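Next up is one chain by itself, shown in structure tokens, the form predicted on its own.
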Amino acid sequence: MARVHNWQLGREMSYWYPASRPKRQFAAVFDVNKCIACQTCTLACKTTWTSAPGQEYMLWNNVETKPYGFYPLGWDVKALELLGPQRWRGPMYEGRTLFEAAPKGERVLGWRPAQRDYAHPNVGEDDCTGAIEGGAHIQTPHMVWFYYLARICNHCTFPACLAACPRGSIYKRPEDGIVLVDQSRCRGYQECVRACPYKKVFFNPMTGTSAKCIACYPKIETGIQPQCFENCIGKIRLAGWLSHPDHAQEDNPIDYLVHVRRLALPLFPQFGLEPNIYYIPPVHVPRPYLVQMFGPGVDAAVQAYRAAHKDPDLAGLLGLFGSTHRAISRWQRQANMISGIGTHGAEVVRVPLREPIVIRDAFDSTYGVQRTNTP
């Protein structure tokens, strides 16, 4: 096994191939606090990419209600259980990754879901944790909470699916870091399904090959955000490009949120895949649960998000989420206006830091009618 540097873990780790980072890495930030679980993203992806025979259970994009929602069933609980208790020392991960914990003769510590694990994509929807037996409206000393977690393929820097494939049919595009399956080489061994801890690789029994989220790369190539991003009603998503921490740029929106402000965090970084989909963690969830899911940076991230209304740069950048169908490569704030610059260097959107408020007179003298002010 090769030794590669995983910056999310703060150390080197073992991986089956030498590090080969792409020219630029597709990445995204999801603001969990704004997701309303409308599933518009799920349907947009489903109707675009997975409506053929054998793809009925494939949800390249899905939204889960945490802590009791999963698709497939128990994907994160089982992965954490297999890995066992591990430890962070500050920003450095001292435990084993899924590659380092793999049994002898295997490349990745993993498991393959049973067919029934895919039967209930909405399991646990809106189920919360806490003592609510007497009714949620009754005052209780116990914390009652849940939140929505939108998920797509993480297009990892060190993909477990790629490492596990004995056919070499999974590859990472050098131009943008998007992870794809070459189905002409795939023979349906399903080692990729077993290896991916996020369970975002699916097997098609009709074709006998695996398939997964492709980050809508035909749209990315033309400077447009993926389908699930474009259709997000809650405006929780922002797609772009992520630099290595040593080359982070403040005018790159993804770099700013991930590296500069450290507001957006990876999903289960302890697995060792260096995922490239980042989450602004929910502000109302108990800290131990957040640390387990997003790593030790949650305290600073939650604090920064709560104070965003005092920071015009951060508040302005968050306002760009969902403001355009174009991918944003750079951003800037000029006074009270925030601009997003697309992949070709031209401004694609401009939004105000504060939306103007207009209060109309209660009585319209021109038409002689009463008005009703609405927010």
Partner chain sequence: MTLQRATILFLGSSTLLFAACGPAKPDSPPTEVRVVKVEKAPDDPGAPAWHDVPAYQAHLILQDLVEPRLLQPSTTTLAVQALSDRTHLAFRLAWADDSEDAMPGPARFSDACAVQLPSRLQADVPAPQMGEAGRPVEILYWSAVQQTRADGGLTRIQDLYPNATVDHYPFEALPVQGDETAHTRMAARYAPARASGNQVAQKAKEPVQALRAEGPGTLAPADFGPVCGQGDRTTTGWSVVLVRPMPSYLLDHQAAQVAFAVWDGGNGEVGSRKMRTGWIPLAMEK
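Bear in mind the structure is a predicted one, so any value in this text is a computation, not a measurement. Numbering follows the first chain given and starts at 1.
Quick note: we don't show the form predicted together with the partner chain, though the next part is all about it.
A single residue from the set 346, 307, 337, 52 has any heavy atom within 4.5 angstroms of the partner chain in the predicted complex; that residue is 52. Interface residue among 274, 76, 255, 191, judged by heavy atoms within 4.5 Å of the partner chain in the predicted complex: 191.
The three marked residues, 92, 243 and 287, fail to reach the partner chain in the predicted complex, with no heavy atom of any inside 4.5 Å. Look at 287 to 295, 256 to 264, 104 to 112, 229 to 237: in the predicted complex, residues with non-hydrogen atoms within 4.5 angstroms of the partner chain sit in 104 to 112. The partner chain is not drawn, but in the predicted complex it has a heavy atom within 4.5 Å of residue 207. The closest non-hydrogen atom of residue 166 lies within 4.5 Å of the partner chain in the predicted complex.
At a distance threshold of 4.5 angstroms between non-hydrogen atoms, residue 187 is in contact with the partner chain in the predicted complex. The closest non-hydrogen atom of residue 48 lies within 4.5 Å of the partner chain in the predicted complex.
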